[in-house]
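Next up: a single chain in structure tokens, the form predicted on its own.
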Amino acid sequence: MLSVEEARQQMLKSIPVLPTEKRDILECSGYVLAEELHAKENIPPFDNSAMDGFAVRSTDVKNVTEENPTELSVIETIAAGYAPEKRVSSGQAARIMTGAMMPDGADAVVMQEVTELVGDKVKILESVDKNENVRFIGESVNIGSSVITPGKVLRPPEVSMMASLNCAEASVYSKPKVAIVSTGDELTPLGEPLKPGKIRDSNRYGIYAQVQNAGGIPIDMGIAPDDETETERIFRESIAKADALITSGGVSVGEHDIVKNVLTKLGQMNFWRVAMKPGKPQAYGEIDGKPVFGLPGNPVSSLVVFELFVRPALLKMAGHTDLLRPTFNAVLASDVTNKDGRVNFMRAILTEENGEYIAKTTGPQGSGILHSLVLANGLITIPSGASLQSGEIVDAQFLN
């Protein structure tokens, strides 16, 4: 069996990055930028007021206090979106709104709260320094400068900056379209009564949600029966529609575990066992150059393998370079033993107490106990053969 790191590195090395595409600014959020965006204009494009108040010459209000105010003539009102028409001379002020262009002659803004407007004059009750409350041309971005670099995930701040740069579209990496197939005659669709020996098809829905959370575009391909010919047909259809295929079930050593057979027939299988718990039986291969992830049938195993293997693969396909969740130290809240010959990823509740993280397992850790993941917000890593006591340190990661 491969170790987790060996298998993940082998997989990620073969994962392709998808081609780029042009997307409208309103459809860019969540995509990874594939080009460098430069400023073609200064931002802001002119000196402007940082608040509502009065544009003044700072020398006119030097040493002014509430007990020793000064009075200035108001020569105009400058609203945002309009250019000033007059120059501010000594003894004068211009009423100005937030974002409005600074008039010539003025070098500071007195905020409205420390003034008293009486007719066409304003009483200034507090001094300001030169340049105070003024936002200057190019203060945020200078013309010609690099503003957003390739590889950046376009979040709302980046989309807003694109608009500030007058950039209506951008070149981004495509998000992977991911076909999802559950396998097995034992599976029952939602809404149908359970017959003896049958179980609910829960994995497909959990994987669908995981693909969404990883930024992929899931495609539900339903349930494939334990029939090699029909499974092959569904796999071919899935690969034709998608950039990647995820299956659950059928990757162990049972007589009806046929996913490995179909994968080998249609393409190639790179590995199918990893030294981890849960999730030892898992298949990774390719069909027509597209990655295929065969996840275990047990629900916890399926979701954990997706988290540790499929999620980083989908992120790489979408142009991300930061692929793995951060790991950190956590203190065990109780004794933990791993007698298995594989590393154990235990479901845990991680809480912060007095500046350190505390890890408490979610109870029984069987790979079929889905509720153990419902209760968890993270995973802790227990090395093979380890017997750890309460208070010892383990590696941990959040699941969201």
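For every residue, the number given is its place in the sequence shown, counted from 1. All of these numbers come straight from a predicted model, not from anything done at the bench.
There is also a form predicted together with adenosine monophosphate (AMP); it is not shown, and the following applies to it.
With the partner omitted here, the residue from 107, 201, 307, 158 that has a non-hydrogen atom within 4.5 angstroms of adenosine monophosphate (AMP) in the predicted complex is 201. Though adenosine monophosphate (AMP) is absent from this view, in the predicted complex it lies within 4.5 Å of a heavy atom of just one residue from 319, 176, 299, 279, which is 299. Heavy atoms of residue 187 reach within 4.5 Å of adenosine monophosphate (AMP) in the predicted complex, making it an interface residue.
Residue contact with adenosine monophosphate (AMP) in the predicted complex: residue 294 places no heavy atom within 4.5 Å of it. In the predicted complex, adenosine monophosphate (AMP) stays beyond 4.5 Å of every heavy atom belonging to residue 286.
Using a 4.5 angstroms limit between non-hydrogen atoms, residue 182 touches adenosine monophosphate (AMP) in the predicted complex.
The stretch among 133-141, 321-329, 244-252, 119-127 whose residues place heavy atoms within 4.5 Å of adenosine monophosphate (AMP) in the predicted complex is 244-252. Contact residues in stretch 40-70 (any heavy atom within 4.5 Å of adenosine monophosphate (AMP), taken in the predicted complex) are absent; none meets the cut-off.
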